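We give structure tokens for two forms of one protein chain below, kept apart as structure 1 and structure 2.
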Structure 1
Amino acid sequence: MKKILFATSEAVPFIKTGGLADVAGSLPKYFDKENYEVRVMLPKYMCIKEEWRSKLEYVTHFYMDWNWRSEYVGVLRLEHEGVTFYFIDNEGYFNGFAPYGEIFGDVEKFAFFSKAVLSTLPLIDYRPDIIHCHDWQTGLVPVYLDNFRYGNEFFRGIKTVMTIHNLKFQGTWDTKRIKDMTGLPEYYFVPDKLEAYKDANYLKGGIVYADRVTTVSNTYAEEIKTPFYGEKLDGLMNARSNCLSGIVNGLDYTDWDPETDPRIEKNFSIKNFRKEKVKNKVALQRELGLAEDPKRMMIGIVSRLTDQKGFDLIAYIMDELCQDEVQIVALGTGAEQYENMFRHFAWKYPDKVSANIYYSDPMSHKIYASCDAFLMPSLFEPCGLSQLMSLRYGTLPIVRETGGLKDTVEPYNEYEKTGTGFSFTNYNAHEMLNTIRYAEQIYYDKKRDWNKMVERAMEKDFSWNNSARQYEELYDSLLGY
């Protein structure tokens, strides 16, 4: 049995701010259980819902050398859908309404978490063969492991994988402060190790010290070797390119299933979507106070409202787009300027635009199920899960050709009758608008072709099956199988 431990800052169903939670929470279920046992370790945030917190069982606690003092580390556990989840407890660090706050606090919180992950292992008598780290929050795990190996037999031979879900966030802070707080020796704080541009950089540490580095699509794995996408680490990505690969994300197909989804008005399948899917649209129009019209093309957006996702393009053409026969339903929170942008257009075009500025899992399901198209014009996109959810629910993605969007959405070709969505190349608002209008034209004038495309979209398999096999191969190669 190969033992793998995921170290992550979020995982569904416990805590989620974005796609990382979907991946870390669902991928472990899809490994071949005969040969791989994957467990997950995450912080026990106060903001985890009480329904979960009350189910956690106490395992042990200890005091860890930390920041010139001795700090409490509690360990709890829960078996969920066949996977063991460990929760690292420390009320001082993991309080608050959200997993993340100001960066100066977060760097301390996640350095603590990373050291605690390793320190816990001998005490619970669990020695994984591989620790699989996710994003900057766990970037110090491979670094601490390197440090712990000296003089401690237990840690020798444990391998690490670092998965980059988003290179933009690196966890950087003043070197002196990080050195002081983490207790890591001077030796690590140089430009070919933890340091980048004079600061300490957690993700860089992870990338330098992990045995393998992966990211969440092939295209993004290539893109991050260039200055435009490399977030100032493109040199490092090139240097590590022989250990770097892309494995595209999958979806939890049991959770995201239009045939059984209890959160949507009317279930549907590839066989009956022509009649049934639209009932979701009408119900949503009613719920959100939009004009009730089953024929009107509805475009959905479910997203963190940040620059990454292309909202400056959307803001630029919203007025023009609202002259068309479309409805736009947005769900998201984030940058105030984009929250207000959607509120403004919802006020200006009340029967066409619905701005839902909050976080809601059930509402996201309703939007994926109800809309005809889904808009995701990202500036960059390591993988993206929203377009996969849309495909699964027969909602055709309109995307920019970048990262995982390029790898998962095949653009419509009206001559060959192929494709599962619409895409454009340049980060340009009118190129996007033209693509949306092209989609409108197919929707209104070539409904048969549109429906064929929906069929192809729903037929695509983006379950974890393929990608979990690729992770298994990666683990095998690391362990010398």
Structure 2
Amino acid sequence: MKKILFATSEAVPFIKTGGLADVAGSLPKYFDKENYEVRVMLPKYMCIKEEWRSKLEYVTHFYMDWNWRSEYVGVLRLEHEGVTFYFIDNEGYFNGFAPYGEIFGDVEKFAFFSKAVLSTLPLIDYRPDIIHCHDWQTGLVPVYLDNFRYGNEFFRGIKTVMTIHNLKFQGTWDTKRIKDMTGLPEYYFVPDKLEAYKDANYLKGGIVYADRVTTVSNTYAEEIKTPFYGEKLDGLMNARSNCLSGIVNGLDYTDWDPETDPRIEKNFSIKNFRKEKVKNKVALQRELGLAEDPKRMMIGIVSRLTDQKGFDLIAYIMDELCQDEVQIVALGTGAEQYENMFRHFAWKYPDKVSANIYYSDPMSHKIYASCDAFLMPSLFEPCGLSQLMSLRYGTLPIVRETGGLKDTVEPYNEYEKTGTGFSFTNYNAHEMLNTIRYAEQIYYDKKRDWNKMVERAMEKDFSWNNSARQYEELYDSLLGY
């Protein structure tokens, strides 16, 4: 039995701010239980809902040398869906209203967490073969592990995997402060280890010391070796390229299933979508006060409204797009300029544009189920989950060819009759508009081809099962099986 420990700053269903939580919370239950035992360790935040906090069982507590003092570390556990979750407790560090706050507080909190993860293991009598670390918040785990190996037999031979969910966030702060606080020796704080551009960089430390580095799609793994996507670490990514690979995130196919989804108006499947899917569209048009027309092409957007997601492109061509025979339904919050841009067009074209400037899980399901196409023109996208959701619901993605979008959406080829969506290459507003208009043309003039594409999209398997098999191969190669 191979023992794997996930170290993470968030995991569904306990605490979630982004896609990292889905990976850390959902992936573990998809491993082959005969051969892999995956457990998860995360902080016990005060902001975890009471329904979960009340179920945690006390395991042990101890005092850890930390920042020139002794600091309390509590350990609690919970079995959820067959997976053991451990929660590291310290009210001084994990009390806020949200898991993350100011970066100077976060770097201290997650250094503490990283050291506590390793210090806990001997006391709960659990020695994993591999510790799988997620993002900068656990970047110091491989560094501490390297430090703990000297003079402590228990930690020798434990392997580490570092997964980068988004290279933009690295956890950097003043080197002297980090050195004092973590208690790590001087020799870790040099440019070929933890230091980057005069600051200490947690993610860099994790990448340097981990046995394997993964990211959340093959294309992103290639992209981060270039200056444009490399966030100043492209040199390091190239240096570690023999240990770097990409595995696309999955989707929880029980939660995202058009045949059983309770949040949508009309369930449908690959067999009957031609008749049933459109009923969702009409219901949504009615709910949002758009012109009710089952034949009108509806384009969905569910996203954080930020530059990274390509909203500067959308803003640039929005007026032109509104002249077309389409409806646009947007859901999400973010930069004020984009929130107001959608509000403006919803006011100007009330029967064509619906601006829903909030986030709601039930509404997102309705949009994935109702729309004909889904627009996602990201500047960069390590993996992206929205395009996987839209494929699952037969809503064809229109994406820019970057990161996970390029790996999961196959562009339509009208001559070979292949593809599961539409894509464009350059980060250019009119190239995007041309691609949207090409999709409109297929939708209105080649309905059979469109429906065949919907069929292919719904047949795709991006469930966690798929990702879990690839992680199993990675673990096996690391452990020499």
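Predicted, not measured: the structure shown is a model, and the values here were computed from it. What we label the rigid core is the largest C-alpha set whose atoms superpose within 1.5 Å from one form to the other. Just so we're on the same page, residue numbers count up from 1 along structure 1's sequence.
Do you think the form predicted alone is shown as structure 1, or as structure 2?
That would be structure 2, which is the form predicted alone.
One rigid part pivots relative to another between the two structures; at which of V40, L379, S467, L118 is the hinge?
Selected hinge residue: S467.
Could you check how many degrees the smaller rigid part rotates against the larger between the two structures?
Turning angle of the smaller rigid part: 10 degrees.
Rigid core superposed, R343 Cα shift between the two structures in Å?
Displacement of the C-alpha, rigid core superposed: 4.4 Å.
Rigid core superposed, S360 Cα shift between the two structures in Å?
So the C-alpha of S360 has moved 3.4 Å between the two structures.
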